[in-house]
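One chain follows as structure tokens, the form predicted alone.
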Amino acid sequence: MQSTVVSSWNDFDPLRHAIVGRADFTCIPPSEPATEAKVPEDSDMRGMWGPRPLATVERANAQLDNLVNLLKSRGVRVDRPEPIQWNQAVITPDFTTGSMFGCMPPRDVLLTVGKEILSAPMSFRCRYWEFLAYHTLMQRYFDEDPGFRWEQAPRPRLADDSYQAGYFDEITIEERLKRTAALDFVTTEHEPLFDAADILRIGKDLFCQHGLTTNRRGMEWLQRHFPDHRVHSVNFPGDPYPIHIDATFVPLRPGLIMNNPNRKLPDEQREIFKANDWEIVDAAQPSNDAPPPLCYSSVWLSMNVLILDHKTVIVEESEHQQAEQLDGLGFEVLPLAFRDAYPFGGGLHCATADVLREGTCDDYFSQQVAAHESEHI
């Protein structure tokens, strides 16, 4: 087998090697402080927990396998995680929760920055052991690539001090929006917390969404860990569920970013993009008016596309308006059915993690603007 080389600095240079998740044994986890943040009030998942129905797992796996086949047809090497039996309790000295989650979305767990893959300190108690599904792959990469750095951010304790008690008691959407705008989230600053999917990698700059799953202490840890990078905090006041940046702010190629029109990047945080001649365009409206059944995510998974290179993108096949926009921006659009996989952890970008993309650590934002309190760490 071809020897592994780990290197990826962004989400748009040519993709050569990726990890694609699996849906096996995925559970709807029981309620806990972090999952309360993610499940909308009107969701059909409220009050449910336990293994997902086998038929839905099989349909999701079929679509994940189709993604693997498409990537391989485009010359991308693909690895898969090893699912464990997620229907087990998580028990630590600080907490107990009834089950784990799954390993469909490796993007949530694994942050690739150059030759390093970092396991994130996620705020969901049900995801405490999720990195184990990737352990065998990381060991193999370590053996095959002498320059690969296999890292784990500090393991959080996730005791009650890490969450605001009663944060979601009888909270309305309007109140959620007020709290998002005020940078008031269920996670406290007690310990560093972040999901890898909250971090946008653009060469020397890392843009981190401050929201329900990533706190400022987590960003401060990232800045110390990557001292040669610039870590920026961004937030999107129009999002009542600010979890993961890749259905809100998506780089398409150097100089071009797609922003969710309902979750606008604030003007003062746009300055760094303007100063460096990056264009921010509103994403097309979703073609679907509702997410699939038992799905955590919003209809804006339409934006959760997978860039293969500066001219090629994979888009969920029913998202005709998003495909049309990307076609108009000069991309070859590869449609792929993926809505059966959505409930297991997200869209096409979520379902993958980079191992190797061509390119180097370019400085796309050499013109730095005056730091804003909520922008630069």
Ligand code: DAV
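A residue's number is simply how far along the shown sequence it sits, counting from 1. Please read all numbers here as calculations on a predicted model, not as lab measurements.
There is another form of the same protein, the form predicted in complex with the named molecule; it is not shown, and what comes next is about it.
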Are D108, I243 and A247 jointly within 4.5 Å of the named molecule in the predicted bound form, each by at least one heavy atom?
yes
Under a 4.5 Å heavy atom criterion, is F148 part of the interface with the named molecule in the predicted bound form?
no
Is there a heavy atom of N235 lying 4.5 Å or less from a heavy atom of the named molecule in the predicted bound form?
no
is_contact(R263, the named molecule) in the predicted bound form, heavy atom dist at most 4.5 Å:
yes
Using 4.5 Å between non-hydrogen atoms, is L301 touching the named molecule in the predicted bound form?
yes
Candidate stretches 210-218, 172-180, 129-137, 292-300, one within 4.5 Å of the named molecule in the predicted bound form by heavy atom:
292-300
The listed residue (C350, A60, L308, A34) that reaches within 4.5 Å of the named molecule in the predicted bound form by any heavy atom is C350
